[in-house]
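Encoded as structure tokens, the following chain is the form predicted alone, with no partner shown.
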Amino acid sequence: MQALLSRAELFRERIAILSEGSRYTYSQLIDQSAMVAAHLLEGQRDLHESRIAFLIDPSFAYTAVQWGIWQAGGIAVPLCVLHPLDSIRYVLQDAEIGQVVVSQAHLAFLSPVLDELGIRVLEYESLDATIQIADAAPIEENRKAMILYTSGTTSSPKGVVTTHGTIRFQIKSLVDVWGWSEDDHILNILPLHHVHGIINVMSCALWSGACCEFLPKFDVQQVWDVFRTERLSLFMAVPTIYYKLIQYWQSQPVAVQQAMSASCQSFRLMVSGSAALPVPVLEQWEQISGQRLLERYGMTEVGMALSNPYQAERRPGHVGQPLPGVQIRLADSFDQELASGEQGEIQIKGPNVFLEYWNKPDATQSSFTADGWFRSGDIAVVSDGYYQILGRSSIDIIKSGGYKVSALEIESVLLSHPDVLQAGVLGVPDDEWGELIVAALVSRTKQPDLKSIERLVSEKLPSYKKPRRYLMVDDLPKNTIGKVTKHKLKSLFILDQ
């Protein structure tokens, strides 16, 4: 994005990224992204919105590649390092990817599908560092910039398309309301195929001239070790991570607990999002760290839309108030705005809202009202200007560990196993995960091979989509037209606890 590159010029000598034990300045990030752009362009001035996918661990390299794609005029399509090959193949085909940048660590894994689809491969570590971009075309803000894939309400993931202008607004709004500055230092442990890690953490830090530190994967002890250096000023995570940090703290001797708690005083802000934050977790974390978590609300299609205030009251169990420039209303099933105090669907309008679902005009059209409001599918109520999320308009959407997961997608995989006759997947309340993914199965045999079923799920789905509990039943509860009634199914899991 042109605006991020322009901002980076203001901070050339400052440390932009801590990654894999090394420090990288903004100057190095600018130069490395220009080198990536040159290799992608191959002498052209503009990629004209070609889709460029990349599979790289969270790192300086990830950032340089993303910026290089934008500088070259391409659309960045980050691939998830946790996804199985089938999921990646779907994205590559759906987005009509022309080139892929991949790190050496993932090349062997990805090569079979790249060969199969005939996609040009650039191995990041093998790129000639002496080649620099010569004369790239300027990129207008209305150009498409990024496609992030989200499961949505169906089993087929949809590509959420955002423009450079949309991303700039999403970043700038959070920088302003959360008080970002060049003196900030944040630890990024979030997936970088997700708006939370890309926009809220990495891009806000780099817009501000701050330092973004990467851990390639979440490790609770390593996170606490970084906390104890007292170099961080911000931290953002999903409720599941805070739950794990609490558990680790509780397992330590009293003297160590005291040192860990003291290290949290260096923070000016800690944020929780991507799933509902249980009030007991908020209260426990505040007792341990002295930090009251700021809860906010957003989704891939809109970035962030609501936030508790940075300076004023952060209300437990609520996701706050509309961000400046973002319009929010609650509407009924006929898209009519409701009076204050009534429960309704959150609908959103503003420059933060995505452009379209890639190559899915019908899905795009059905996601917006006739007068241009985006239908979120989340049900809320508002009191004194603070919004409280009550649930989703479809029980087939599960928010677990910060991810929005389609129950239908998981059911489809389970039903592909020869032992499974029927499958019902849903989320049940859980302090650690927000919602725990569970599955009720009706077997074709008297002794179903559950381990074989679990192996199939592991092969077809990333770990965050795997059911954490299975329940074998004689039949699934259904209504008169044969549809599984998941509210009744949920009661079976509650009784089974």
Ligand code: MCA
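Nothing here was measured: the structure is a model prediction, and the numbers come from that model. Quick note: we count residues from 1 along the sequence shown, nothing fancier.
This next part talks about the form predicted in complex with the named molecule, which is not shown.
Heavy atoms of H185 never reach within 4.5 Å of the named molecule in the predicted bound form, leaving it off the interface. Contact check for K217: a heavy atom falls within 4.5 Å of the named molecule in the predicted bound form. Of the heavy atoms in P191, some are within 4.5 Å of the named molecule in the predicted bound form. Among residues of the shown chain, K399 is one whose heavy atoms approach the named molecule to within 4.5 Å in the predicted bound form. Contact with the named molecule in the predicted bound form, defined as a heavy atom within 4.5 Å, holds for exactly one of T240, S208, Q71, T163, namely T240.
Only one of W67, W433, Y26, F60 lies close to the named molecule in the predicted bound form, with a heavy atom inside 4.5 Å, and it is W433. In short, of 48-56, 459-467, 35-43, 444-452 it is 459-467 that has heavy atoms within 4.5 Å of the named molecule in the predicted bound form. Each of S274, R296 and M304 comes within 4.5 Å of the named molecule in the predicted bound form, counting any heavy atom.
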